[in-house]
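Take a look at this single chain in structure tokens; it is the form predicted on its own.
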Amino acid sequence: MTGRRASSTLISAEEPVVFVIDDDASVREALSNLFRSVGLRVEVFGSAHEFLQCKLPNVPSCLILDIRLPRLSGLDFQAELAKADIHIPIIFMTGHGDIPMTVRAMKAGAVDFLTKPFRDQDMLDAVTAAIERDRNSRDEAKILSDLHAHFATLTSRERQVMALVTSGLMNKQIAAEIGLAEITVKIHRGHIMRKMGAKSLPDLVRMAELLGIGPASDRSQT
């Protein structure tokens, strides 16, 4: 089996994708057949360089990576991906596995480390876990991105009030803290709830925690 397919298929894909990097064509073909047999999309590459040439789709995915690649080891490539801010769950496979390599790979975030020959089911289980991890990470990133977008619509005063509200202060206390009328604080609070899309105060508190905001960082915005 050849290496990379046309990148247009990667870009347009909506379902999860399994990427395979191995310099052994027979391994690439075997894994491709395995994943396709259970309905998974798969893209195969003969080298890390080939993989880097493709445009990764914005869908849940994982990378099956041989530990011993030409010119650049799988462990070194894992480190390069991290430096490039490319976060994709990795499953390592090797015919030369040992404890130090396994420890290093897992500490750097690998999902699993399979020694050849491995059972098909072990690989499928590892891929299922990796894709689920990536899906959860993407969901969390989307939630945080949306929160930042909502937070950016608040005025500096609204941000200050939000920080004080979510720290547990009542409207009267906030009014005294920042020198506003209590009714003005109530108005700001209503605007904050609407702009942030918060259904309740506990909901707003959870948002503040995710955003890492608090009264200390906003007290100077008077």
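Numbers for residues come from their place in the sequence shown, where the first is 1. It should be emphasised that the depicted structure is a prediction, and the values quoted were computed from it without experimental measurement.
Only in words, not in the display: the form predicted in complex with the DNA, which the text now covers.
- When the DNA is considered in the predicted bound form, Ser167 lies well away from it, no heavy atom lying within 4.5 Å.
- With a 4.5 Å cutoff on heavy atoms, Arg41 does not count as touching the DNA in the predicted bound form; it lies far away.
- Residue contact with the DNA in the predicted bound form: Ile183 places a heavy atom within 4.5 Å of it.
- In the predicted bound form, at least one heavy atom of Asn171 sits within 4.5 Å of the DNA.
- In plain terms, the part of the chain that comes close to the DNA in the predicted bound form, with a heavy atom within 4.5 Å, is 148-156 out of 148-156, 75-83, 132-140, 111-119.
- Proximity to the DNA in the predicted bound form, defined as a heavy atom within 4.5 Å, holds among His49, Arg194, Arg36, Arg68 only for Arg194.
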